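Here's a solo chain for you in structure tokens, the form predicted alone.
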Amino acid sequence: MTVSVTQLNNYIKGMVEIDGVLSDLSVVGEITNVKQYKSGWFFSLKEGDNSINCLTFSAATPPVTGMMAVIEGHLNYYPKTGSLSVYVRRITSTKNTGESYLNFLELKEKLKKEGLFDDERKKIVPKSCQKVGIVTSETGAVIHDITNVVYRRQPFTQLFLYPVKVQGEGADFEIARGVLYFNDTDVDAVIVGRGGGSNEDLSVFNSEVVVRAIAACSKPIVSAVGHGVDFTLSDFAADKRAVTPTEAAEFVTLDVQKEKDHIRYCLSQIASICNNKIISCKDSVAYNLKGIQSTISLLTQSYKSKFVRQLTKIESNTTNKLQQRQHQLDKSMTKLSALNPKSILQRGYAHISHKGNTLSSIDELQIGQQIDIFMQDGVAQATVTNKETK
């Protein structure tokens, strides 16, 4: 008999609903993969390699990863997805803690004591990597997400993929080899990760060999495992943790377009400030020039007035000096005129000389001596024939 998918799913749903065992269940196991939402919790109940999905909206005891518990509820079948899950109405914690969770805590404490998680040993991840190594699956969405984000933000970046399995047997050794491979390359940083999944899916990133490889790598490591609510030991050992692969790609690149826009904005602001400064300086220069011109005009007028006063004073002093000198000259001329021999001669006196020497005494005359007699209007020569002393 051939039936449609819808018919098959409706049949299964009906069988689940009429089965009395499945309508009132009590199941024991280890709680894993807990995710909280506004309406309640989603988690898995695990025993060994087997697990089943659960959800609860009213449990008094919230589910905790690693807790051994008994859940009570009923099985529900979803025809649209063909999946089973347990609607949980009550969770009762048992005294035992899940073995896998205990192993996780034990390894975490061991590696922590060795200093593999210390902040002091973590390296700075460059904000604009030229070359980026990626350790992840070559077929998963992670590599596509990282590639799209990197080339959109920083198109000149070179990406180098080391393809690995991200779950299953041997995946941990592949991841460790991939991380250490980039030790001998010139990449600026390495992204290690995978997409979301259950705790079991992500468990390979809790492997000791992976954690030690990340801690030993000489390149800055960005861990991008699962989603924001997922934490692995690889996250603690890495130099930086990203909540998603997309965020990891953002950590190692700059948004070139945003940087360009920011530079343009800064240049625009600088140009505006410079323009305003130029205008302000022009106004200031014009104002100062007016002030200088006004000051020069006042100083010029002041110095001109002083100069005119000085010239007037000099002219007055010069006139006075000239008058004084003229008066002195007139007095001297009067004296000189009075002392001028011609003036004396005009009064009837004569001047006697012998061979150019003035004779002023009778004793200087000799009988028979030739003498010159100077008078007002001429000179006469005479011979001394007699002399008489009085």
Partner chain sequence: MNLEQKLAKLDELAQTIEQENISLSKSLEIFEQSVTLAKECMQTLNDCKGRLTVLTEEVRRIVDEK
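Rigid core here is just the name for the largest C-alpha set that superposes within 1.5 Å across the two forms. Quick caveat, the model's predicted, so the values are computed rather than measured. Residue numbers count along the first chain shown, from 1.
The form predicted together with the partner chain exists for this protein as well; it is not shown, and the discussion that follows is about that form.
A residue is said to contact a partner when one of its heavy atoms sits within 4.5 Å of a partner heavy atom; residue 309 fails this definition for the partner chain in the model of the complex, lying far away. Contact annotation for residue 264: at least one heavy atom lies within 4.5 Å of the partner chain in the model of the complex. In the model of the complex, at least one heavy atom of residue 292 sits within 4.5 Å of a heavy atom of the partner chain. Contact between residue 300 and the partner chain in the model of the complex is found at the 4.5 Å heavy atom cutoff. The single contact residue among 318, 275, 139, 305, judged by any heavy atom lying within 4.5 Å of the partner chain in the model of the complex, is 275. Listed residues 80, 313, 113, 260 were compared with the partner chain in the model of the complex; 260 is the one with a heavy atom within 4.5 Å. Annotated contact segment (heavy atom within 4.5 Å of the partner chain in the model of the complex): 264 to 272, selected among 162 to 170, 264 to 272, 235 to 243, 214 to 222. Heavy atoms of every residue among 281, 285 and 296 are located within 4.5 Å of the partner chain in the model of the complex.
For the stretch 232 to 248, the set of residues having any non-hydrogen atom within 4.5 angstroms of the partner chain in the model of the complex is empty. The Cα position of residue 131 differs by less than 2 Å between this form and the one not shown after fitting on the rigid core. Residue 72 is not among the residues whose C-alpha shifts by 2 Å or more between this form and the one not shown once the rigid core is aligned; its shift stays under 2 Å. Residue 186: CA moves less than 2 Å between this form and the one not shown after rigid-core fitting.
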